[in-house]
Every structure is written in C-alpha cells, then in structure tokens.
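Only one chain is given next, in structure tokens, and it is the form predicted on its own.
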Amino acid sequence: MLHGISASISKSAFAALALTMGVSGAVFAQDWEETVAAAAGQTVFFNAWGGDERINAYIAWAGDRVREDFGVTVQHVKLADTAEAVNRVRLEQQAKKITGGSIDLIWINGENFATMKSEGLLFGPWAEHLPAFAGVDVEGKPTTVLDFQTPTEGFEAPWGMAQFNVIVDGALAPDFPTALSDLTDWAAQNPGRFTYPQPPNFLGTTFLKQATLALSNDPDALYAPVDVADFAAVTAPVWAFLDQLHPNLWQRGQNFPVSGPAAQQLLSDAETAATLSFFPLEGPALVAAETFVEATVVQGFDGGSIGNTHFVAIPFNSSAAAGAQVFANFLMTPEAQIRKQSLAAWGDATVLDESRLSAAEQSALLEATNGLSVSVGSVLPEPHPSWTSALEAAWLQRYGS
C-alpha cells in the first residue's frame, strides 16, 4: 500500500508540468508567500455537498477565517451530488475554456476523483507542497494519499477521515447486529425498524459495498477494476441478502430515504432504530445536540468497516487557484482540524499526525471529542472506484422505482 509521495519536485518542474497541461505555471513557480499574496482579494467558488447543516456551518466558519486572515472569500456552492460539478468541469474542458472556470475547489473523493484525474480535469500537482500538509499523517493514515485505490499524487488535499458505522438507539435496538449476515434475521424480528439511503446516495452505496465485502465469496475482486471480475458471481450473495432484507425494512423497502439527514430524521422520530453514518463521532455529536436520545450507541461491523479520506481538489481551469490553495491549506491546520473533530461542530476525524501536535493542541483535540474514539474498529480499504457506479446501476435496475 502506498505510504507517501515525494514532495521534492522542483519549482521549474512544476512550471514545466503546468505548461504541458495547458495551464499557467505561475502559481506553481511561486513560493507560499507569493501564493498568499496572489490569493488576496480572490473569491473561491467551493463546490461541496450541502446536505448537512452542521457541515455547512463548518464550511462557513472556515470561510470566515480565511477571509479574516488572508482576504480570500469562500462562496459555498451547495451540491446534491458531486458528479454535478465534475460534469460542469468536463463541459468546460470540451468547450476549451482553459481559464476562467466556474468552479475553483471541489469536495471530492472516490470515483469522482478518479474520473477527473484520468480525464485531465485537475490542476496540479499542488497539495503536498502546502505548508500544512507536513502535518498530515501519511504513514499512519495511508488513505490520505490513496483515494479509493487511486494515488492522489498531489492533485487533491485531505481534510477529513471517515469510517462507516451504524448509529443505534440502544433502547429500541439493544441487540442490533454487528454482523451483516445477521441483519436479515434481526429485521424479520423487528420489521420496519431499519433502512438505508437510496443509492447513489453515498451512504446507501457504501452499504452496498460493505455488504458485498462481507458476504461475497470473492471480496478481493472489489480491489481490482470491476471489468476484470465476474460481476454477477461476485455480487450474487448481496442481491440475495437484499431480496430477503427489503420486505422487512421501513415502508417494506418500497421507499428509501433520499439522504443521510433524511434517514437520521427517521431515527430521531423513533420510526427506525438505527441509521448509517460515515463519521463515528456523528452519533455522540447529535446526542449532544439533543437530536438523538442518550441511549444512542455507535457500532462498527464484524470484520472491519470501510474507511476513507475526503479531499478537496482544484479544477484545471480554476479562476482562483491561489485562493483555493490558501483555503485548502487552512483546512489542514490544527485550528481547523480540531474544530472539525469537535462534537460541537462536525465530529469529523482529523487527517493530522496527532503525535506531532503541540501539547496544547493534543489536549484541545481530546477535549473536542470528550475523549471519545474516532474509530469503530479495523478499517477496510475502499474498493476500486469502478465498483461504485457498477453497484449503483445494478441496485437501481433491481430495486429502483
């Protein structure tokens, strides 16, 4: 597994690479102080998922901070699906709009990053040369430089860690299973008390991937491109599992929540007894916010839970590449990472090497989480990104309305 990428490329190499991509090498050739100076007064159109008010509030706070310190304005363009932004950049490339792009920064990972990287839609490499990147734990958290099996190679900057988990109302479901193979029996005994967001929502799709890894006779196939596998054979157990599970889901599996927050609302209203999350601290954070009951617990899965890193990337034709780098750099600073991990803010785990933080920063990070763990057990790497769309398409064909 990849544990790091060299950060010793010369400025002249940066400029040469940028010019071969048809992008100005000016920002690559500048040192950090010059990048900061170039960023002053720029507006960064940050295209990021906008479906969670706590995350939106965090982005607004971070934008306020970079405006105060660097004169950079961050405009959050709220997306329902990151693919919207990817398609917009692709259309601009096809129209030969190599400067003045409408998007300056994208919250991204997985299949969307692999697509943009392979199609030459990204500016860079840049991320590993930001000052704050030196604090990222690339050894202990290798997904900070390996995105769904795709090496980042400096084309995106990490800003948070995620691990798939289940938030359970311990009073309603004290016996909620940690083995997916037991979920069908539990649902049969507790009809209507569980559901999952409809793919292609990322939580619903991850549930498909988690179930496929847990139930398939050939889970290793998911770590190679989907087109080299016998898709029908690899996925047959998960469709059999879902065929048995769906009749006992909320609304008999005829309807599914459209998003994570929609599924959370069902748990908050006690319509269901459990919901899915990508942030192990999200459950405690929502208890603190009095959204969930005190009896709420967080569980992983037997055999490990899928984990990944989420990133920000700059499109090849960004109008504010310097400002985007300044904002991305701030997102990796101890100040921003401590606040992001806080139960009072987002509850999203840090990408930093905590051992390299100051004593005061380590104390603040621990205090931010009330001493709770950001892990739910061992981490399963994300499958190859090609499995994402393949599983989504198959699910929609079988179960979509």
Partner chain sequence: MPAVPLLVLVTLPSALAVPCLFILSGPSAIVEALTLPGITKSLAVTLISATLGTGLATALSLALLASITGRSSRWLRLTMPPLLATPHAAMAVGLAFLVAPSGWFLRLISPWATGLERPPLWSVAQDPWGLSLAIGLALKELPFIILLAISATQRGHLEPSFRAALSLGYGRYTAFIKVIAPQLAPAMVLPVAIAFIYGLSAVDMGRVLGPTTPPPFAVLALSKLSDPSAQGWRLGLALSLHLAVITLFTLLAFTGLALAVRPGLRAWASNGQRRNVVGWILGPLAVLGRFAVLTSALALAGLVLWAFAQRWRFPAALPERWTGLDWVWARGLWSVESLNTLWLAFASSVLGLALALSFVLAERQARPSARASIGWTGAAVLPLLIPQMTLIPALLLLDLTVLGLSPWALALWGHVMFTAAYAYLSLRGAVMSLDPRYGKAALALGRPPWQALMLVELPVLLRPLMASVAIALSVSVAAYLPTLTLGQGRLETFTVEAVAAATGGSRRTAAQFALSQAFWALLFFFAALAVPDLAHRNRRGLAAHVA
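Every value quoted in this text rests on a predicted model; they were computed, and no experiment measured them. Positions refer to the first chain, counted from 1.
In what follows, reference is made to the form predicted in complex with the partner chain, a form of this protein that is not presented.
- Residue-level contacts in the predicted complex: of 181, 87, 118, 217, one residue has a heavy atom within 4.5 Å of the partner chain, and it is 87.
- A heavy atom within 4.5 Å of the partner chain in the predicted complex is found for one listed residue only; from 101, 300, 307, 204, this is 101.
- Partner proximity in the predicted complex, defined as non-hydrogen atoms within 4.5 angstroms of the partner chain, places exactly one of 122-130, 155-163, 265-273, 221-229 at the interface: 265-273.
- If you check the partner chain in the predicted complex, you find a heavy atom from every one of 192, 198 and 293 within 4.5 Å.
- Contact annotation: residue 56 falls within 4.5 Å of the partner chain in the predicted complex, judged by heavy atom distances.
- Looking at residue 148, you'd find every heavy atom of it more than 4.5 angstroms from the partner chain in the predicted complex.
- At the 4.5 Å threshold, heavy atoms of residue 237 stay clear of the partner chain in the predicted complex, well away from it.
- Among residues of the shown chain, residue 256 is one whose heavy atoms approach the partner chain to within 4.5 Å in the predicted complex.
- Looking at 58-79, the residues that come within 4.5 Å of the partner chain in the predicted complex, counting any heavy atom, are 75, 76, 77, 78.
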